[in-house]
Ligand SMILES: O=C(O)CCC(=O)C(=O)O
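One chain comes next, on its own, written out as structure tokens in the form predicted on its own.
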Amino acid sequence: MTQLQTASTALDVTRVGGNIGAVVSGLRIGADLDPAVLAEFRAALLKHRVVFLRDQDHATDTDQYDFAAQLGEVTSPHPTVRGDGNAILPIDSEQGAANSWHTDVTFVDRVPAISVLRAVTLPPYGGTTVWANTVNAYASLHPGLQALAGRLRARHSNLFDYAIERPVTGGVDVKQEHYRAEFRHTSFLTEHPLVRVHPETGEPALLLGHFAQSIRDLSSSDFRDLYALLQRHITKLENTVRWTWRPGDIAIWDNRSTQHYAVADYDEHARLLHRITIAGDVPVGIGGDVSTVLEGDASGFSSVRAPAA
């Protein structure tokens, strides 16, 4: 266990996986946190990719927002889904299950930096979430695959809706159909480098997930084969951490170095979490190429920060 000291407090950071994940204690979310504490927290997040806070039973939507706003610019809930109309996107089992590997909102150019997810209603069993380390996945690739991936660009679209992939039984689910229509009402298509450089750490990471629909100059069959190979490498069990939620939990992850998957194994029980998103940079590839917008305008989602020179 690594203890991160500040003048006013001590954050205890306990790893929960060899390649990803840590529990942070000694922090109560809310407004006006000590800047030194926030700096230590961010360092833990960058190192461990996803960190978990326990026993935040006091937390309201306002506390969650105030905490998130100290990590960066808060975005609107989603580029196409209204959410609460301000910042919170409900991750609601009534709208479907996010049971597919993805990095959040990669169909826009300004890929979010950080997500803050708070448990609101949990099922009596199941409903875990799994995260994978996309930096480690790239680093552990064969050098030949690294060289290939570093020269490729993938096109990401929101026309694949992960949140409604759960099979519907007993006829059409009106709430899921409404969500599907809202998710797709504006089309986005963005081309990203397949390997991006993390803007804070300088580490290369694979940028894929289920919003990736094609790779420039590859046939659809070659894309599917290469996608399957790389995704299999990203999501191998040794490269992941699986979190069992309990009341008062908050998960914060670096969206620039992870993928995640919500396991839909809780039958028809209710599951509701509230997500707040922190704005990110336009990805830059290892060769200096940047992401380009092919369709859609994400200016209503967040401002865009220029790529690092």
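Residue positions are given as counts along the sequence shown, with the first one as 1. All values derive from a computational prediction rather than experimental measurement.
Below: the form predicted together with the ligand, not depicted.
Among heavy atoms of F67, none comes within 4.5 Å of the ligand in the model of the complex. Residue contact check for L207: none of its heavy atoms lie within 4.5 Å of the ligand in the model of the complex. Taking non-hydrogen atoms only, W253 approaches the ligand to within 4.5 angstroms in the model of the complex. H260 belongs to the set of residues with a heavy atom inside 4.5 Å of the ligand in the model of the complex.
A single residue from the set T80, T129, N136, Q95 has any heavy atom within 4.5 angstroms of the ligand in the model of the complex; that residue is T129. Comment: the ligand is not present in this chain, but in the model of the complex one of I234, L194, V108, L117 has a heavy atom within 4.5 Å of it, namely L117. Heavy atoms within 4.5 Å of the ligand in the model of the complex map, among the stretches 56-64, 35-43, 22-30, 271-279, onto 271-279 alone. Of the residues in 230-246, only W245 comes within 4.5 Å of the ligand in the model of the complex through at least one heavy atom.
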